[in-house]
Every structure is written in structure tokens, then in C-alpha cells.
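Below sits a lone chain in C-alpha cells, taken as the form predicted alone.
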């Protein structure tokens, strides 16, 4: 019996019972042998994709006896860049590279080079970093309701290293505020099951209990279930605008109103939509109001390094008030090293990234963002229309520009593998089984949408003709989606990270 057969036999088990059994069966020699064999097989597939440069470039497990020539090092980096950039330049990649135009990249590289030694931790030495970050936050705040709220909210924030840090900072702030102002020692957050994994990370890091809420048939959070989950320990409720898996917008207006009535925080995760939604609204697209114009919204996360077209990685976390932001700040007054304070999780930070972010936003301007948003949404409409002509596929929910695809008649992971064989790099998802394409400016290039639809039709036709064929990542996705023993899946992911750091 293999892991897949065990999964089918035990798939009816509730998660708590599955975990109880898992802890015991992993100690049984025969089952442990099966698990180890499956793990080894999975790792062989993953390692092949993770380490494509084995045998192509010399490895350096230790320092070279003498320093290498700059040109030799640069030549190797250039070679790897040339190999890796082909797919994203030609629009084969879901998300990942959001702008990608050569002139834009070269401009950001020049800015980075000028500011490569800058460190916002030393604001007295690099006051330019203070200027850049204050103006980034202000520009993003004005995009998301500052000056348009019924309570004249301040809408303040900080620059972070990415969406995950923005979310971590916000959740830490709610935890600390609840402890100080309400004495809550066992805080809880209410999150949709489709909320970004960063909320789970915040739960683990800061010991905030997650209360996960199911989604409707349109993959938006069940508002009534979220309302019913509120209790005396609830410190914050979360909604996505849109969610990463299916590109669906949770009902931010309704959810934030419930949070306001119950005097708890509400966080809009707008990491993906922060630089699309405001401009889509101005262009007349049917998008909901997800920002601080909703009186119950008390914080937001907005990624500048996605559709803001800044260099990786920068993001902004916004708060309705300065008082709430203060719970994010770190200060210490008793350290022998002097008075120490920092706004985010990091101490020293790359000021060059903030400079490049500031430069990108100024270079794009409102006109540039409007033009980019319109191009992406028009391309997405073309792709959605084409998908509707493929009977064996279904779109999940009501996507705008992040399009998730599933199937009731085919193994969708085999379709994903066939798309990979045709050079595409798409995001495999599960619960339910599907994959998605997050459209970017790379997909608005001439012929890319047509190529995607053509390759998708061919991939579906191939899977229909070869329904039992299992190769590539399809078995891995299938196992991860169906295995009731989630600890085993977690073990595989940890082994994956082990491989990442294997020389």
C-alpha cells in the first residue's frame, strides 16, 4: 500500500483524529518505511527542479583561497540571469515579475546603485531614506482613502520588506493593543481559509489563535460565519482584496462594519490589489471600496513591489491612527548600546530598495498606473472569454485579473504539468485542486494571451487523451491535496527547504 492508497482509506477522518493517528502511525516501522520511500521519491522530483545548475557551474561550499576576478563572477551571474529571464520576459510566468520592461529595470538599477550603502536605521546619516519612505507611505495612504474618510482619519504607516512583514506587523500591533487596552492574553484573529499564509505565520510567531472561516461558492468569506466567530478574545478580523488563490474580493464593507460594531480591528489585505483597485475604480471598472473609506477598516497591507512596479521587496502597512501604529514600533531605553528604536521587524534595512520604490512610483505617476491597470484588465477579460470556450475547465469564483482554473472531469494538476511542458510557470493550488494565472504587464504583450489560450487548449486535449498519465508535479500536488496526515505534508515542505540550502 502506498501513500495515495492510505490517503483514500483515511480521507474521511476529521483533521483532529487524523493528527492523533498520524503521531502514532509514524512510529510503526512498516508505515514509516512507506512514508520515507514516498518522501524520497518526492524529493527526487523537487531536487531536480530546484538544482538545475548542478554540473553546469562550479560549486563553492567554502571560501576560495584567493578572491576571484570580478569579471569571472559577473560572467557567471550573467549566465544564470540569461537562463532564468527568458520565461518571464516572454510572459510565461504567473505574477513574479510585474513590470519587466528593460528601460524600467535599468532605471531602478541605477537608483539602487546610487543608494546601495543607504540604511534607514541611521536616519541621521541617510536623511534621504527618511524622505523616500515618508513620501511612499503618504502616496499610498492617499491612494487608499486618506482625506476621504468620514472621521478624517490620519492614515499613517511604514515601509516594510514585503506583504508578509506588513501583515506580521499589523497582527503584532493588534495583539499588543489588545493586551494593553483590554487585558486580552489569549488573542484571536478571524481569517478566511483563503487568507494569505502570512496570517498563519503571524499566528505561529505571535501566538494569536486563528479562527478560520469558510468561503462561499464564489470563494469569498462567509460573512455570517465570520460574525458568529467573534468572542471576547477576538482582536482583529481579516478580509482579502483580492485573495491570492482565486482572485476573489471578500465583502470588506460588510466585514469591517461588523468589526466596527464589535469594537475590534479590521485588516484589509490588499497586497495584490493595492495598486490595481484604486486605478480600476477610476477607470470605471466594477470594483468594491476596500480601503479606509469604510469606517471599520483600521489597517491595510499594500505591496509596492507587485503592481506598484518597485524592485523586490518593499510593501506598505497602513493604519487608521498613529496610536495603532505605535504598537508596531520597537523601542528600548535601557540598553547599554544607547537608545534604540526601529519601526519594523528589521534593524538595518536596504535603503536602496526604498529609494527604488520611491523612484518607481514617481516614474509611473497616476497616468502610468491607469494605463497599466487598463491593459492588464483588458487582457484578463480576453483570457476569461477564451477559457469559457473550453468545456472541461471552470473558473473559480468571479475573478478579475487573477484567474484560477479547476475541472470536474480532468486531473487539473496534469493540465498544469502540460502547461509547464509548454514553458509556462503557473501557481499550483489546492483545497480545492486548481491552478492560477496572475496577470501582469508581461501578459499584455502582443500575442501572449492568445498563446496562453492555445497552450491551455492543447494541454486539456492531451490530458483527455492520456487520463492515467502521471508525471512531473501532478502526483506531488495530488498527494499534498488529499493526504489527511498534514504533518507528513509539512515534513515534505521542510525537506524541500533543506534541499534549497543544500550545496
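Since we're looking at a predicted model, the values are computed, not measured. Residue numbers count along the first chain shown, from 1.
The form predicted in complex with a small molecule exists for this protein as well; it is not shown, and the discussion that follows is about that form.
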Please name which of the stretches 77-85, 264-272, 212-220, 318-326 has residues with heavy atoms lying within 4.5 Å of the small molecule in the model of the complex. 264-272
Give me the residue from 342, 94, 420, 164 that has a heavy atom within 4.5 Å of the small molecule in the model of the complex. 164
Only one of 306, 349, 246, 175 comes within 4.5 Å of the small molecule in the model of the complex by heavy atoms, so just point that one out. 306
In the model of the complex, does residue 157 have a heavy atom within 4.5 Å of the small molecule? no
Please check if residue 196 has a heavy atom lying within 4.5 Å of any heavy atom of the small molecule in the model of the complex. yes
